[in-house]
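We begin with a single chain expressed as C-alpha cells, specifically the form predicted on its own.
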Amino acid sequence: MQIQPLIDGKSELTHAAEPPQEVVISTRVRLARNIQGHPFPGWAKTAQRRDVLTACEQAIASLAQMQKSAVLEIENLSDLEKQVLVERHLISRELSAHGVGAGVVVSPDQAVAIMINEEDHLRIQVLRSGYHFKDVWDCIDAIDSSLEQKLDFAFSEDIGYLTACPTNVGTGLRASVMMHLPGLVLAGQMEKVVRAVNQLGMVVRGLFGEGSDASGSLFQISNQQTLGESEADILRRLGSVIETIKEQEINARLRLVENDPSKLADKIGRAYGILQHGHVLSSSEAMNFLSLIRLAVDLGLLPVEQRAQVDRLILECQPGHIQFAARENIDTEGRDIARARLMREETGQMPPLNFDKLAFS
C-alpha cells in the first residue's frame, strides 16, 4: 500500500516531541489558495485539473519544509487508504471523494499536508499536537510565502485571496483547536458552550468537522469569519475563546470531583474494565471509554505517561485504522472484535487506577 511508510513512521499526532496536554489535543491552521487564470476545481475540466496538480506538486517539491514528503494522487489510492488519511486529518472527506487530478503532499512527520484540487487549488494545512497557535502560524506563513513566490495566487487588493467558497474569501484562513471536554459533556454544559461560542463568531464541530459527531468528547473549535480581520486578529480572538473554554472545562472537572466523586469513579472504573476485558467494541464505544481513561490520567488516577498511549489509541481504534492493521477490509462485526482485542492488549498493560486521588464524599 502506498501509505504504509506514512503509517509506519512517527507522526505529530502519535509521536509528538512534547507530551500531550490535558485539554487541547492539537492545533491546526489551514489556508485556502487558488492559482490566477485557472478555473476553480469544481469547474475545471480534467486536463485543467491535471495541469494544476502538476504545477502545485512541482512547487511544493521545491520547498525546504517539504523535502522527502509523500506525494499521493487520490485516484491511485484504495478506499481504505483514503479512509486512513481522513482519520489522520491529512485529507478531507471531500478530497477523498475526488478522482483524477486530486492529490496531497504530506511531510514525513505528518505535521504539514497540502491538498491539491479539493474545493480550492491548494489547501495548506499545518497541524501540531497541543496548543501552539504561534508556532503553527509561523510554519504555515513561511510555506505560504514560499509557494507564493512560485505560484501566482488569485488575489484582490480589495477583499484578499479569492476562493471557491465565499465563506473563505479574504484571508482564506481556518484555524481550529481539537479539545477534549469530558467535564463539560458529563456536566451537561456543552450545549450552552456551543451557543456562547457561536455568538462570538466561532463554531464548534465534532472530530471530523462539519456534520460529524463528538465521540470521545472531542470537539473542534474554529473561526467562521475569514474576511474583514487580519490573520493575527483571527488567531488572537480564537485564542481568547479557547482559553475561556479551557477554564470552563477545568472548573467542570473540579465540580464533578467535588460534588459526585463516586459517580465519576464508577464511570471511569467501568470504562477501564470494559477496555481491559471487552470482546466486542464499536468505534464510538471505544472512543468514549478512552475519553474517560484520558480524564483519569488528567485527574491523577493513572500516570501522566499514559496520556500519549490513550491519544494514539483514539486514532488507531477508528474503522480505517483497524482494517489497515488487519491488512484487509473486514465487516463491522469483525472490526468490533478486532478493536476490542487491540484495547485488551494495550490497556491490559496499564497500571491499576489509583482512586485515592479522588476526594470521595
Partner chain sequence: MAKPPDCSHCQKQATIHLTQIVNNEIKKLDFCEDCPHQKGVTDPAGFSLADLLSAGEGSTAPLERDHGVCPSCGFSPKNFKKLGRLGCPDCYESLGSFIEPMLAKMHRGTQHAGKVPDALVSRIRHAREIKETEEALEAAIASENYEEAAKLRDELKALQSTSESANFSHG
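Positions refer to the first chain, counted from 1. Predicted model only: the values in this text are computed from it and were never measured.
Not on display, but discussed next: the form predicted together with its partner chain.
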Using heavy atoms and a 4.5 Å limit, would one call residue 182 a contact residue for its partner chain in the model of the complex? no
Even though its partner chain is not shown here, does residue 109 get within 4.5 Å of it in the model of the complex, heavy atoms only? no
Touches its partner chain in the model of the complex: residue 239 (any heavy atom, 4.5 Å): no
If you check in the model of the complex, is residue 161 within 4.5 Å of its partner chain, heavy atoms only? yes
Out of 260, 73, 119, 135, which one falls within 4.5 Å of its partner chain in the model of the complex, going by heavy atoms? 119
Here the chain is shown alone; which of 190, 250, 203, 169 has a heavy atom within 4.5 Å of its partner chain in the model of the complex? 169
Tell me, please, which stretch of 242-250, 144-152, 109-117, 283-291 lies within 4.5 angstroms of its partner chain in the model of the complex when heavy atoms are compared? 144-152
Does any residue in 229-254 get within 4.5 Å of its partner chain in the model of the complex, counting heavy atoms only, and if so which ones? 229, 230, 231, 237
